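Starting off, we have a lone chain in the form predicted alone, written out as structure tokens.
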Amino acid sequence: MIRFAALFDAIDRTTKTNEKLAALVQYFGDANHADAAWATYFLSGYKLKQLVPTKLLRIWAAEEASIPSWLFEESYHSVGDLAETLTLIVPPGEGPDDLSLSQWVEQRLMPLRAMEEVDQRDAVITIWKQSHTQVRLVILKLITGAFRLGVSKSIVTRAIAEHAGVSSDVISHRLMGIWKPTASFFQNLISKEVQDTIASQPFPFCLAHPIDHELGPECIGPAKDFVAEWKWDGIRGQVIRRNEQVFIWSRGEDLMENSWPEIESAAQLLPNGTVLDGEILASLGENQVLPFANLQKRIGRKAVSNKLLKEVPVVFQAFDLLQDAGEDIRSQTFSERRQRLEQLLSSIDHPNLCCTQLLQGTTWDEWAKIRDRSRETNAEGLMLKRLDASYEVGRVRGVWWKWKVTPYTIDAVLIYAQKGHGKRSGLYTDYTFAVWDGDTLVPFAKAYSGLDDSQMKAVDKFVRQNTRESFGPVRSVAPALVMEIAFEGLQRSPRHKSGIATRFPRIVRWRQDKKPEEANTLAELIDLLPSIE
């Protein structure tokens, strides 16, 4: 654990990719396979299920530090990170317990979940007393589920690949899907021997870069080098048919079992050794795609009723073929893969499994006119894919591009503010915005990004000087600041006071040229709904 805590500290202290990569390579070179497996697990973004309720940790920390609970809460709001607050407030321990990372996780941390509260308290306090600050911080981040580090999964993959002398693409593929952090797993992960693909294992996804709205698509090359498809607002996924079984994975690497029975039924018609990449969409057929709000009614349900199957039918629109008859064809060009995809799906007669539509156009002007009609079809814009490109791993420039329509924007008034987390923990950077409903400001969106550092400091100063009321960490402020808020879509929501929920809201700019009474109204916001619903 001392070595893993040192890795955490080394990565946290630098913003340079090469330094992070070097620290990771050194760690994997020194660690045993069990420790390396758990490190890979946590560094890839996976977390332990909640071990101890955070409410109890806060109570116990205040008791150990002999401070009132209100002082702990104020300290937490000031620091912005629970694990860091706990580390700072609890009196220093006697010294580190020299257990390995895997021993700590498997012998000391995971058993906490099954303990009674009194035993949990004793175990946690023992951990505090046996760990110095650096180790304690990492342990508490694991316990609270807040372990996050400024290192991407791609860098972790590169480090393992460099350590093992194996291609990054191979490591990336082996890390896809469901796996357990064991010594044997890590040994197989870094093996130079060719491994058989696990039946359920998806491929790493190829991701798109956004086109700069100011530069336009001309910056990526001639239009003749690309094809265009609608960019739908659905659930990106892979449909896998291997060993007479069907698996559907989301881009977030969630195995979606029994969620989409009509797609699973269609996929049974695929030959074994097939992997499709595409989008799950709520659709009435013939490219009549429904808004994402409809699809949300199907998400997260363990069982889908016949009523819901009829109300929100779904399709899988495939836009790429990654494995065909057991052959990995990702190295072939997009045009070759597309031809094989069309041949494959033309032999399958099922309404819930189809190819995406390639849009007719040969120039950027022609595709620009088509893109302007995106919202008429409930699309977000266009996807542009290079004809001669292979299927890459991750976000590789020059392969796939997303050319989204200009987002909706509306001017709104800042009415609530809350301190951020991490590096923003000392500033009020999380905002709630409202529009006018008659003479009343009605909240409709929260936004956390869009201002630069100097603007955030200016807003923070305003919040502190113009606070009306405080509700725990939230402050109500005088309605004086107007911001332009952008969002991708709207939907009706009875859970919100305005009756409206926004999709992906963010701040475009601070409208210092506008007075609060000039902000938009709820009626103007609702007027956008007919073009969205």
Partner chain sequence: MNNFLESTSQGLYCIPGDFHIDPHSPVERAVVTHAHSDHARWGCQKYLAAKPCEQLLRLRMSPEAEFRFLPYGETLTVGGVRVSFHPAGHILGSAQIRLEYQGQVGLITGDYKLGTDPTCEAWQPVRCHWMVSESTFGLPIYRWPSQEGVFQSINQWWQECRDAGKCCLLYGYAIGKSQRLLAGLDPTIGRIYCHGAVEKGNEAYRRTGIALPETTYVGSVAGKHDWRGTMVVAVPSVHGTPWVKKFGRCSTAMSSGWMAVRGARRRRSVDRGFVLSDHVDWQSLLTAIDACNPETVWLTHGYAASVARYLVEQGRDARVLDSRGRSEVDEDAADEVSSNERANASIDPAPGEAKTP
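Numbering follows the first chain given and starts at 1. Everything numeric in this text was worked out from a predicted model, so none of it was measured.
Same protein, other form: the form predicted together with its partner chain, not shown, and the subject of what follows.
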Pick the stretch from 335 to 343, 227 to 235, 78 to 86, 154 to 162 whose residues have a heavy atom within 4.5 Å of its partner chain in the model of the complex. 78 to 86
Using a 4.5 Å cut on heavy atoms, which of E74, D437, D430, E366 is close to its partner chain in the model of the complex? E74
Heavy atom within 4.5 Å of its partner chain in the model of the complex: which of K385, K141, R298, R371 fits that? Just give me the one. K141
Taking its partner chain as it sits in the model of the complex, is G426 in contact with it (heavy atom to heavy atom, 4.5 Å or less)? yes
In the model of the complex, P271 touching its partner chain (heavy atom, 4.5 Å): no
P91 versus its partner chain, in the model of the complex: is there a non-hydrogen atom within 4.5 Å? yes
With the partner left out of view, is Q465 within 4.5 angstroms of its partner chain in the model of the complex by any non-hydrogen atom? yes
Which of the residues spanning 457 to 484 lie within 4.5 Å of its partner chain in the model of the complex, based on heavy atoms? D460, K461, R464, Q465, R475
